[in-house]
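Given next are two forms of a protein chain, the same chain in both, each as structure tokens and marked structure 1 or structure 2.
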Structure 1
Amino acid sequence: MREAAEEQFITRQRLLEAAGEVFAEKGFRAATIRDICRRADANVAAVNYHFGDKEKLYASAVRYAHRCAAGDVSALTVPPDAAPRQRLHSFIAGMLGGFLKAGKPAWHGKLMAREMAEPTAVLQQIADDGVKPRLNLLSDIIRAEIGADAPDELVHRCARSIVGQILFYHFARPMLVRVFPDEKVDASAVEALAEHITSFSVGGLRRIARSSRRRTEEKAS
């Protein structure tokens, strides 16, 4: 062993980070243990020693990536006494910035996208620990806008309409840069985009609220 004590589980850590990058870049199958170990300055056998096999390394890497990115969840909690529109804007801008901000280690989102295309058991865990809390936060904001008595189904449909607008810029980016080749995404563009999605969503929410209210009145009469 080269140094020990300090490094004894640091190899494990380096493997996790390297694995995150490589799995995100190449996907599970195309990623090779040899490549991961090369980037982590570790031996080929290190993976099997620390994690058992390639699959268990993948699962650990996804959980690790999500644990790292989970810090941002608190970042988008916004003063709950602010105006609904401002809270919505904060939510949208925070989520957009999560994958559109430059410089960021982009592989967290890529790993997530791959889990989406080819779900494993880890996805359920992410759904419970990562997505549901954010959904609840967004649902609160939506209810503040369309009325606290709105049924769950309606609120969730609205939440999906909002999140869909945001995530579109994540999932469909490769297509976007091919359809709009000369559009650049700097910080001010991201802010303008968040502003657009906020306005569009507020408009959508108000219309949904109106037609929903009308329907309940019809039913009541």
Structure 2
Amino acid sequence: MREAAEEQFITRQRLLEAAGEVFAEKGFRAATIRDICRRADANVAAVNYHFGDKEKLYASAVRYAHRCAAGDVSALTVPPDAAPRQRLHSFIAGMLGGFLKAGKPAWHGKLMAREMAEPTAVLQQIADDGVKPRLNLLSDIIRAEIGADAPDELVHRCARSIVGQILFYHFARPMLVRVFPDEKVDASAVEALAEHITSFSVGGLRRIARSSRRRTEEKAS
């Protein structure tokens, strides 16, 4: 029983990896189950058994690519009562570590880029199950720095500015290695980049907090 279960897991994983590669290369419409099964060295029945149909296989591949690409920030490496700066650094390092991880297949990013360009229903699933929980976590950290009563719109702008810095090193990496050939933009640079983004972001957040307090005081006077 155990060997059979392991074999089923291996087959499912092969199909997932092969599907991701084919969908990334050809897109959903042009990709065929036959192409995917040939690359995975599996039969067509295995797709039906593990995923149901082509659409569900595509959705599984996109969700898998997103999980692998974005890193794991669901559990910070510092305690919840740590200083906001420490928590922010942990969050940033977690995301950067996922994006800059060594040996990561190129199809992860290509498939996500395709899904962003031509969204399907799975993008909403990723937004609900993957992105929004991260946003909530980051928003809590930001509020701890600028004030618990900060309006959602301001907090969300701050969150997008922080994540934007992280995504820059992911999407602009091919250009960065050409413009700055002597600087590391890979897994070995995660700590240094995380520290820079954290310092830059905390400086901005503290300025926003001071400006917000000043406006509140002016209204009260």
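The term rigid core refers to the maximal set of C-alpha atoms that superpose within 1.5 Å between the two forms. All residue numbers here follow the sequence of structure 1, with the first residue given the number 1. Quick caveat, the model's predicted, so the values are computed rather than measured.
Legend entry - Assignment: the form predicted on its own: Comparing the pair, one sees that structure 2 is the form predicted on its own and the remaining one is not.
Legend entry - Flag for V179, CA shift 2 Å or larger between structure 1 and structure 2 after aligning core: After core superposition, the C-alpha of V179 moves 2 Å or more between structure 1 and structure 2.
Legend entry - C-alpha of A31 off by 2 Å or more between structure 1 and structure 2 on rigid core: Yes: A31 shifts by at least 2 Å between structure 1 and structure 2.
Inset, instruction - Please check if R63 moves between structure 1 and structure 2, taking a CA shift of 2 Å or more relative to the superposed core as movement. - result: Indeed, R63 is displaced by 2 Å or more.
Inset, instruction - Using the rigid core as the frame, report the C-alpha movement of E21 between structure 1 and structure 2, one decimal, in Å. - result: Its alpha carbon moves by 2.7 Å.
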